[in-house]
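A single chain comes next, written as structure tokens; it is the form predicted on its own.
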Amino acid sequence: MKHPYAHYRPLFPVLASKIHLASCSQGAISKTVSESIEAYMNSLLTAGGNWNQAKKVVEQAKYSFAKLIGAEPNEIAVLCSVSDIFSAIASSLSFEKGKNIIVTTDMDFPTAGHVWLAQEKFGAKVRFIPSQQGVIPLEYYERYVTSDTLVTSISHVCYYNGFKQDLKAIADIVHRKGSLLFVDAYQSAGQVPIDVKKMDIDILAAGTRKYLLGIPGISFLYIKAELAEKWKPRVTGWFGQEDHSKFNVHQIIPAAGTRRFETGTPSFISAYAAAAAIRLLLEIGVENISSYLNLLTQFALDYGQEKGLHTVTPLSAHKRGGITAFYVKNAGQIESILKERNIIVSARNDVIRIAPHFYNTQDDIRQAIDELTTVLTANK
């Protein structure tokens, strides 16, 4: 297969010596991102401070992320992590009798369950939709989401096996039941097209260190403008106020839109990285990235099965993202062995995840699977 993005590979130094297939954990860092981090550090070294410029870069990052998901910039807030976003949203809710059910799934990242279960002492009741053979059947949302459901909290792409959900179909169901839809897009943003308006998503969270090709320390929260204006966050800070430069310690005046969910000074260095990384993704186009990753994922599934590996990723193309997960006993140990052989993959529980990005090739995947099968044979 001809690599349509071969000219971008030199932007990622790690590819010169390693096969990097762990975008589901940490995307490869580009020279453009590294240069943006250096620019931030140099401004501190030479000017002693860069407050105003750094704030502008945060706004640039917000604007770029908004464009990436089809939102307006005033519908985006910057926080430190997706876990922080979950807690900020959960603590803003009132769990009143008759409207106090939180529905999530057993395929969501543990943070989701942890945060929602922590709200039970405040009146919430948590229901987990069970998975069935590595997927959540759409009809389960009809069964588990009821008129007393306040929020339906789901992942777009499952971190464990790459299962991708039909967000618009789920939104139609849960909205008919009177529930809000909260989407964890950490494993999809940057590799799967997202349009929050067309998909009718109420709340969405994403971090930057995976397919968005940034570093830890920054996450983005989207909330529909009309919904954000109704909420008064209990997790707040001076950046979440209408005019934080007034330094008014006696009064809370929430900022307009989703910005009211911001707290303290963001990680500026992470914002510099995010702005540069998302610019690159927008230049290529997530639709183009998604089409290419569909081909790589199909190859990974086909070649993995040919080599005798057991996949836990859905075989249907419309039910998966860019992650291919193979069942592997002692996955963590196998991940470490492969890393010593210059192949970077990611283990979770009992699977090895192969998660390419646009900079990867079919040969990368072939070599990784060949080495994986060699290691598994040697460690039987």
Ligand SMILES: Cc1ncc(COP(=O)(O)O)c(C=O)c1O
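Note that residue numbering begins at 1 and tracks the sequence as displayed. Bear in mind that the values here come from a model prediction, so they are computed numbers and not experimental data.
Same protein, other form: the form predicted together with the ligand, not shown, and the subject of what follows.
Though the ligand is absent from this view, in the model of the complex it lies within 4.5 Å of a heavy atom of just one residue from F128, Y303, F239, F109, which is F109. In summary, among the residues Y292, Y186, F163, W116, the only one with a non-hydrogen atom within 4.5 Å of the ligand in the model of the complex is Y186. Using a 4.5 Å cutoff between non-hydrogen atoms, V82 counts as a contact of the ligand in the model of the complex. Not displayed here, the ligand is approached by Y159 to within 4.5 Å at the level of heavy atoms in the model of the complex. In the model of the complex, the ligand sits beyond 4.5 Å of every heavy atom of K224. Interface membership of R259, defined by any non-hydrogen atom within 4.5 Å of the ligand in the model of the complex, is ruled out. Residues of just one listed stretch (186-194, 165-173, 98-106, 293-301) have heavy atoms within 4.5 Å of the ligand in the model of the complex: 186-194. Along 208-223, a non-hydrogen atom within 4.5 Å of the ligand in the model of the complex is carried only by K210.
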